[in-house]
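As a starting point, one isolated chain is supplied in structure tokens, in the form predicted alone.
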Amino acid sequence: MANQLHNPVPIKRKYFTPGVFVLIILALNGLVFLIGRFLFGIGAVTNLDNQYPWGLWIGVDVAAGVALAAGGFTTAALGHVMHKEEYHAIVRPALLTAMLGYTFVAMGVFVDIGRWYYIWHPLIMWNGNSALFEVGICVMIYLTVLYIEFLPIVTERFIGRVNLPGFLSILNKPVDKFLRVLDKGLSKTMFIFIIAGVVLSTLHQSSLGTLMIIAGPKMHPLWQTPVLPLLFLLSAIAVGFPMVIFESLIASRSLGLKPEMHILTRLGSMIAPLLGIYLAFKIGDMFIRETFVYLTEFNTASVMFTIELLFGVIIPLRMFLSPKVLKSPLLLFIASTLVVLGVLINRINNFIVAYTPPYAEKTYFPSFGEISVTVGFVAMLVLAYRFIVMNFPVISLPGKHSAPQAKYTIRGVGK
């Protein structure tokens, strides 16, 4: 019933606001340093060197970006694979967030590679022994899958509305016919891409953890563990729904919409068990390896590990167990934000804080240029999200009507 009353439509709002102008300035500032990186080399903009081959761009733009885009495959599994119709209203926004997130992850990899013009090499020069090869191939395929999953939204937006100007008007009927054929084909094959998206996500989420296992003694014992791939996967699954809630509440506030609390409350009730599983493995691993002894030392590693676990897992876990939190937009937003920040800090800890190469002459700290590019990427992502939801049927509104939607469910799983 709820799915029938809430249909996705373009949001009619003014695009430019004071906040949008701030985001544009941040994006332009990032683009300036990005141009400098390509013109003068990666060393001219970053504090990276032979001892610290990666930093903020890999730790945040790539590793954290991949994890925080996990809402795409978790909601796809919930809405399509498990056939939970009541959650379909959040599937499209989650898909859009994942698509944009992975787009900027790919851009982060492109920017971080010293010889960026060789980024195409993994496509033809396969190295099956490389953890990064698996990550690269999975991310490329999954990004393609996300764009294919977004195509029905594009066809829904333009079918019956193709109106090219001038001499291009002769293409109106052929383009409309093509869109209808494409939409019909997607409705029959979309289940393949939905399953592929869920499977591919589980593969590369864990493989990023494998990458840090290879670092061996260069990594602090608080994070260096054989089960790091499992911890990366569990944390990505745990942050999927909080990221969807985080994005939904911010979008509602920014676009002047009423929060979909009837969906977000139920979604929030699923988060505590997921966080509990992740916490159990995290604490269990720490006691099995007896690395808790490092918490008695007062240094950057012990402080960051405590912050990551306390504020990113334990406190929000307790909050999500409270009915009061689940029913309050503000408290639900705070709890979700803590989980999002917790996973962000976890990836920063793994890739930056925990990583100390032997014979290091200095510690790494990101340059202003690195920070500017990362902030610029985030600003561009938000600007793109705002533009798309204002022009395509992504966000569902009660009592609104959109073009007839094809239901993309998994055969044999749905009703």
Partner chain sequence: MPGKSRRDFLKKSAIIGAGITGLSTSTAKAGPKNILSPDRMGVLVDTTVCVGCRNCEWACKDAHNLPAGNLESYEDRKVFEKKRRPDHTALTVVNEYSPGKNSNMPVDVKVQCMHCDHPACVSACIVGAFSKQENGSVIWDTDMCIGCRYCMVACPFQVPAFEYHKALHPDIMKCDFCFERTKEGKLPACVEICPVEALTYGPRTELVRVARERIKKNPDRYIDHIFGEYEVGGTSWMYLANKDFSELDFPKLGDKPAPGVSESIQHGIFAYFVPPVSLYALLGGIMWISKRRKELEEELK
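For clarity, every value in this text was computed on a predicted model and none was experimentally measured. Numbering follows the first chain given and starts at 1.
The form predicted in complex with the partner chain is left out here; the points below concern that form.
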Contact test in the predicted bound form: residue 247 vs the partner chain, heavy atoms, 4.5 Å:
no
Taking 4.5 angstroms as the cut-off for heavy atoms, does residue 33 touch the partner chain in the predicted bound form?
no
Is the gap between residue 364 and the partner chain in the predicted bound form 4.5 Å or less for some heavy atom pair?
no
At 4.5 Å between heavy atoms, is residue 288 in contact with the partner chain in the predicted bound form?
no
Does every residue of 95, 235 and 255 put a non-hydrogen atom within 4.5 angstroms of the partner chain in the predicted bound form?
no
The chain here is shown without the partner chain. Which stretch in 371-379, 384-392, 60-68, 349-357 comes within 4.5 angstroms of it in the predicted bound form, by heavy atom distance?
349-357
Quick one: of 82, 334, 182, 283, which gets a non-hydrogen atom within 4.5 angstroms of the partner chain in the predicted bound form?
82
The one residue among 151, 315, 162, 213 placing a heavy atom within 4.5 Å of the partner chain in the predicted bound form is 213
Within 197-236, which residues have a heavy atom closer than or equal to 4.5 Å from the partner chain in the predicted bound form?
198, 199, 202, 203, 206, 207, 210, 211, 212, 213, 214, 215, 217, 218, 226, 229
